[in-house]
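What follows are structure tokens for two forms of the same protein chain, given separately as structure 1 and structure 2.
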Structure 1
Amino acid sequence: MTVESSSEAAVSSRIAGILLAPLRWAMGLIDLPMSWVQRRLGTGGVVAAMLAPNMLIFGVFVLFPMFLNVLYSFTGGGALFLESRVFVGTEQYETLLDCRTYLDPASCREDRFWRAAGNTAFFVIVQVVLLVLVSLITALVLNREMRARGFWRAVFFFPVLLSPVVVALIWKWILQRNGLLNAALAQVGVEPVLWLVDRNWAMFWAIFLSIWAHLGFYTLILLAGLQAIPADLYEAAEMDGTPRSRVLARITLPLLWPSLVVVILLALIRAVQVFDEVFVLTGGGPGSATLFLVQYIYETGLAQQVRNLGLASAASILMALVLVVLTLIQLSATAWRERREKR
């Protein structure tokens, strides 16, 4: 190394030291309280101290409201504050569950709750199955070599970046009587269709809108799972002349199963909690055709002139229990599958 190069290196090192001096000073200030905590509480104490702010926020904004919600479900009356409400025990739950037959909402004391529950069950079954299937097909296509693959991935993910309200307003503009879709149909001589007034079409478009808005998110999860599968397996299958259908059934789907479990769980939870985009699109109508559980809870507890916070809280507790049961069933099925594969 020449004298000139060594002097340049020394100058560069000195400049770097000057530029990094404020950062080192700041890190030293941060290290002082952390060193004190570590000496006093040990390594575990440092971890607890780092987690404490997050746990405090979680407790204040998640656990405490959940606890309040449970308390409200055992009270009645129109008062807002808990101290002014009347304890009624399980009366709110009895009101919701009072039915001659649960398959006929008209026979129930709180028929709107059961209509919302029936609509939600239908929506969850159809939407989740179609969403997972379409997401899987889309991920398989986007995982292949093609021109402008990055562009197409961005196109499918773009709706996820939009607000659900914006998405619903766009499709409401397209589907209204004088909207874009009816204008296109008029060009080929088809009479305008009241897409959002007909009960069957309203549910169809609610499901379609939800799939269109969230497809990119679940496709991204499955695409990451596909890219984690070793390419050697596909090369070996290709050398053996294995048909693509067999490769899909014996290699891709089994190795993609953990990602599929995540997609199914997230899709189930989101589908049960569907509200914003459908509320903006149809308002729960026509009638109660697209009334779902979260909208029922919102209207019962907040939107009606005579608010029933206790009944809304009880409905939300029942919905949460359904979500817990669905999650446990899915996790149990996954654990059983893993045990079976290990045998």
Structure 2
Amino acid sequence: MTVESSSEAAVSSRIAGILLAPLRWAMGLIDLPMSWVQRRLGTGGVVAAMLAPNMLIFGVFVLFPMFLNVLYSFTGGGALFLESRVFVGTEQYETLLDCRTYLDPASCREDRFWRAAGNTAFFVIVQVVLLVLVSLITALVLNREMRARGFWRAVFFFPVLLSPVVVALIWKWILQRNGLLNAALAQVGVEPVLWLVDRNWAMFWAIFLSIWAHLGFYTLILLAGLQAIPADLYEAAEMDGTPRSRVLARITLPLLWPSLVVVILLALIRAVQVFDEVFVLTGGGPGSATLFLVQYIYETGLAQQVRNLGLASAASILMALVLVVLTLIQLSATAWRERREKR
């Protein structure tokens, strides 16, 4: 996207010009104090005034809470506001990490945390592998010469836009006891299964659902990566009579690798935060079979009768650490890809 290439910009801005007459008027009004600032304080004053709203909101609702989070994790008690909470040192972390054996959540003081962590780890690994694999295959299929590619892309993409609640409800309805799936299975003589009451099936559907909902997004990124591979490389390979499996292994995948790295990392970061769809689908159950970290934090800190803000904060900090590491890797991978693309 560059300014020059956007020929619709002029047209759309003209339409906007008519529709947004009140906005124009308001902007003109703001010009008065802004010009005054510019005369009195120079351009720097205007720049500061333009940055201020964003910085203010950002500071209050993002930066300050981040900072608070650390403080909360060292306090205990039931009070909501920091000034009336008691300092407990690292007690919350100790509670979270107190286990006789780390392999068995039941042996931990805060067993739900460990179950959530274990579930999340399992979910992350399986979901990311499958998600990336399915997205990759879909992207490769969509990258073939085909009619109506836009339609097919839309088929795989549209669930990305659906809300998690909608996604969960669509599938919950299908997975019901007398839902579509059981009806279809009955046709081939299989007894109805209570999909969301069985521990293993619940986890299976949690993973399935999140792949169904997000695969289009990753497919799109990979497809863009594939289409950036120059066609003449394939033509050259065809001229040489290279077998297709070799073309995939030696041309397509290596050139796609940078996009793939980005996709894997993005998928990892998202998977760690899994919550909405699964929460609506299973509520974390049965038992704690599909309880994940965000839900643990939410329930421990905000949704229980006795709120345990300190414990929840400590758990958030631990989760944030994982995310920060993943994001740092992702940012350096993006930088690496950009450098590679420049060359």
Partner chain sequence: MSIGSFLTRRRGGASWHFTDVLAWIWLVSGLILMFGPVIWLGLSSFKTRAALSEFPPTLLPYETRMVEVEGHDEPLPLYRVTTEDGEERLMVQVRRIGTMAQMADPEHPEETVRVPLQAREPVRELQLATENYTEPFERLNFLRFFYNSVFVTVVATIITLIVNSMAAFALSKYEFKGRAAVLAVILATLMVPLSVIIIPLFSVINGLNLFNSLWGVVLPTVATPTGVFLLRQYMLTIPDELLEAARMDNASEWKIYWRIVLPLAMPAIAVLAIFSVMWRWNDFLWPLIVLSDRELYTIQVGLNSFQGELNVQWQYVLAMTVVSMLPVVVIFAFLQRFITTGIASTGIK
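Treat the numbers as computed from the prediction; the structure is a model and nothing was measured. For numbering, take structure 1's sequence and count from 1. Definition used throughout: the rigid core is the maximal C-alpha set that superposes within 1.5 Å between two forms.
Structure 1, rather than structure 2, originates from the form predicted on its own. Once the rigid core is used as the reference frame, the Cα position of Leu302 differs between the two structures by less than 2 Å.
Residue displacement note: Pro53 has its CA displaced by at least 2 Å between the two structures (rigid core superposed). Superposed on the core, the two forms barely differ at Gly287: its CA moves less than 2 Å between the two structures.
The two forms, fitted on their core, place the C-alpha of Thr327 4.6 Å apart, compared between the two structures.
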